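We begin with a single chain expressed as structure tokens, specifically the form predicted alone.
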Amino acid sequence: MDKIITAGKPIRCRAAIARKAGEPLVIEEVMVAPPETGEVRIKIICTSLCYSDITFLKLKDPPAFFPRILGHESVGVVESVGDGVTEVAEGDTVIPIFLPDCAQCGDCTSKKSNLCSTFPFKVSPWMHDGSSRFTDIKGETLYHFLFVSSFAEYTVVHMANVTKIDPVIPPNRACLLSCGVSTGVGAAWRSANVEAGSTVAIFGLGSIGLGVAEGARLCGATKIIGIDVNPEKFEVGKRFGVTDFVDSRSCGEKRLSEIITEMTGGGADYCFECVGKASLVEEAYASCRKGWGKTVVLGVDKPGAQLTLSSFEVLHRGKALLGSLFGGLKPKSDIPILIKRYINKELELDKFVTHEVSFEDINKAIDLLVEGKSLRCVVWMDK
């Protein structure tokens, strides 16, 4: 049978659409336009769920937009390319990533930043040019999500948000590297530059916090303290390198920072806030060792949240506080390194996947994540 030529034409396929805030996704047929200049159209193989997808599904006001195709952790194969695209070709395996990497601007060519200046990261409902490539069968525009929108059999992504990878890595592991796991591992590896023999404190043992633990383990940290409200997380954390656990609900009259300082003999070398609470950022900062302690913020707090730090503490204690978007990783250069570390059996991605379902069961995957029964659930588009 002759191959059906789809390049340059709209593609009709299925997508899981968020129609209203908090309601189950609806699988419908949609139209996916051809890629414009600098873009690629990707056939999604599988996508994994990140809690950010749930957060935006529940939001009622902007930055929430409906109807929308959510999803941003995925892997796929290039179906066609737009004008000017030379980095990839039809048939290449790629990971779409929410953080742009144009590989040409001053930030992308610098070792000091992973924040692209040509295509600044923002929580936008559009492609970079301010338009959509999706419509439903009635012709209604569908909004994008984080420049990826992977809850669809096909999607269009700008090349700045696409990383070509070696297909030797299984797709149900490759998709994990497009957000949460990479963010956690990268925060320990790139943002903090955790040293062998150091002490680490992780506030929040969700999937990102466990990614930090995995990264700290790879970097050779000898004491990795997990802090969480759920004691059951300690048993899970042990598989990722967590050596000690603090139940933040059982501190009595002591502050968390007092307990961490006592456990580490003066404060942890590196602290990571992975929950998204200003109060925990302040507590993590207070838990860092004077002189060289470093606190890395990964959690996303509510809009408008403010930090309150003592000027005296900042000046006299000599500690650092920094934000870490996508773990400080440069997608096009660092993701291939992580893939090599997985192939070499150093980076243990397998333990992050707790469930795998078909596309038809995507709402089941959401329920598992909401109920806290899943770290990462992989959704297969064709199974």
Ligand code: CXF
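Quick caveat: nothing in here was measured; it's all calculated off a predicted structure. Residue indices: 1-based, along the sequence shown.
Not pictured, yet referred to below: the form predicted together with the named molecule.
Peer 1: So, residue 72 and the named molecule: in the predicted bound form, are they within 4.5 Å at any heavy atom pair?
Peer 2: Contact check for residue 72: yes, within 4.5 Å of the named molecule in the predicted bound form.
Peer 1: Taking heavy atoms only, is residue 50 within 4.5 angstroms of the named molecule in the predicted bound form?
Peer 2: Yes, residue 50 is a contact residue.
Peer 1: With the cut-off set at 4.5 Å between non-hydrogen atoms, does residue 325 touch the named molecule in the predicted bound form?
Peer 2: Within the cut-off, so yes.
Peer 1: Can residue 201 be called a contact residue for the named molecule in the predicted bound form at 4.5 Å between heavy atoms?
Peer 2: The answer is no: residue 201 has no heavy atom within 4.5 Å of the named molecule.
Peer 1: In terms of non-hydrogen atoms within 4.5 angstroms, which of the given stretches 119-127, 154-162, 243-251, 77-85 touches the named molecule in the predicted bound form?
Peer 2: That would be stretch 119-127.
Peer 1: Thinking of 98, 146 and 179 as the candidate spot, does the named molecule come within 4.5 Å of a heavy atom on all of them in the predicted bound form?
Peer 2: All three within 4.5 Å in the predicted bound form.
Peer 1: Name the residue from 300, 115, 218, 103 that puts a heavy atom within 4.5 Å of the named molecule in the predicted bound form.
Peer 2: Exactly one listed residue reaches within 4.5 Å, namely 300.
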